[in-house]
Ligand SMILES: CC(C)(COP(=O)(O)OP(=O)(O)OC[C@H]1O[C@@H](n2cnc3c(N)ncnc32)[C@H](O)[C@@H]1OP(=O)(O)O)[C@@H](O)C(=O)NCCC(=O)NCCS
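Just the one chain here, laid out as structure tokens, in the form predicted alone.
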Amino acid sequence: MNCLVNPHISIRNAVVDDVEAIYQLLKPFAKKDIILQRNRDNIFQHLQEFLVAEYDGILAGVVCAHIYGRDLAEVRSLVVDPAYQQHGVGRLLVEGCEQWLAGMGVTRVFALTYVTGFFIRLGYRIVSKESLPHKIWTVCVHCSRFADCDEVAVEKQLSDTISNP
């Protein structure tokens, strides 16, 4: 994906030269326990899952889309540099993820979040965490809040039809 969405913001697939900037962008949010911490090796290993937002050529935000199966993916590690918040960067990153996932045939996407209003404005609905498949918790066990998770699960249907295998 490499699309210009307005004169200032472009959303594109991450490349290896973005890893350090992604790491530096995620780091303060991980320290505040807003997202799970990722080291540089983890970012390299999952680089194909990342989209980045550039605002006039500067890395302004990042998001990761992890696919669990043909009918479910997660939007995770969504971070926008505070200097670029309130400019639509987060919305464009999530919409870019949704387009990318829908193009691959994924029919449903979810997120675990503290900012439910943001996702509701994008067409997501609140669901119980228990409604999500057990396999999604394999990453959550690394979170300091795992035993007392206060994030809210939201999901959105990308397609009413499931692709044939």
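We number the residues from 1 along the sequence you see. Since this is a predicted model, take the numbers as computed values, not measurements.
The following text describes the form predicted in complex with the named molecule, which does not appear among the structures shown.
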{"query": "Exercise: Ala73 in contact with the named molecule in the predicted bound form, heavy atom 4.5 Å", "finding": "no"}
{"query": "Heavy atom of Thr107 within 4.5 Å of the named molecule in the predicted bound form", "finding": "no"}
{"query": "Proximity of Phe29 to the named molecule in the predicted bound form, heavy atoms at 4.5 Å", "finding": "yes"}
{"query": "Exercise: Phe44 in contact with the named molecule in the predicted bound form, heavy atom 4.5 Å", "finding": "no"}
{"query": "Residue among Ile67, Val115, Ala102, Ile58 with a heavy atom within 4.5 Å of the named molecule in the predicted bound form", "finding": "Val115"}
{"query": "Stretch 91-110 - residues with a heavy atom within 4.5 Å of the named molecule in the predicted bound form", "finding": "Arg91"}
